[in-house]
Ligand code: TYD
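One chain follows as structure tokens, the form predicted alone.
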Amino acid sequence: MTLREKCPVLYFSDLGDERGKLVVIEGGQAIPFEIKRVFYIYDSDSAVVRGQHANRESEFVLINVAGKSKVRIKDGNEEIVVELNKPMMGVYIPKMIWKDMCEFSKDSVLLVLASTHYDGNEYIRDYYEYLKEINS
């Protein structure tokens, strides 16, 4: 399975009309897990790199609800970059995939939906440790 197959770009229905836009995202339906945690990143600039980790247990969907950013995704064999630039698109990040969020536009608001509550012990923050763990 390729990295693009493991980490697909998801497109959510735009249910808007003449009154404005409306995007609905439901856990277990529009995304492949039940949502346990929601957070967002904003007021970053184009030089900032966020993330820089993999998670042993958590799955994520990243959505730029305003502005744009890029997500660099690695699995130890491949690397892809996904530009998130529409509020009705996101990228799915499964367990044990390395991710960096970068190149934030000034107006970027990056929404993150997670499958677990926060547990700092499940994070791998060193890329070489990550490579050792996935290759063992």
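Numbering starts at 1 and runs along the sequence shown. Predicted model only: the values in this text are computed from it and were never measured.
The form predicted in complex with this ligand exists for this protein as well; it is not shown, and the discussion that follows is about that form.
**Q** Heavy atom within 4.5 Å of this ligand in the predicted complex: which of Lys95, Lys70, Arg50, Lys36?
**A** Partner contact (heavy atom, 4.5 Å) among the options: Arg50.
**Q** Given that this ligand is not shown alongside this chain, does Ile41 nevertheless sit within 4.5 Å of it in the predicted complex, heavy atom to heavy atom?
**A** Ile41: yes, in contact with this ligand in the predicted complex.
**Q** Given that this ligand is not shown alongside this chain, does Met101 nevertheless sit within 4.5 Å of it in the predicted complex, heavy atom to heavy atom?
**A** Within the cut-off, so yes.
**Q** Does Tyr118 reach this ligand in the predicted complex, with heavy atoms at most 4.5 Å apart?
**A** The answer is yes: Tyr118 has a heavy atom within 4.5 Å of this ligand.
**Q** Contact with this ligand in the predicted complex for Tyr123, defined as at least one heavy atom pair within 4.5 Å: yes or no?
**A** Looking in the predicted complex, residue contacts with this ligand include Tyr123, since a heavy atom lies within 4.5 Å.
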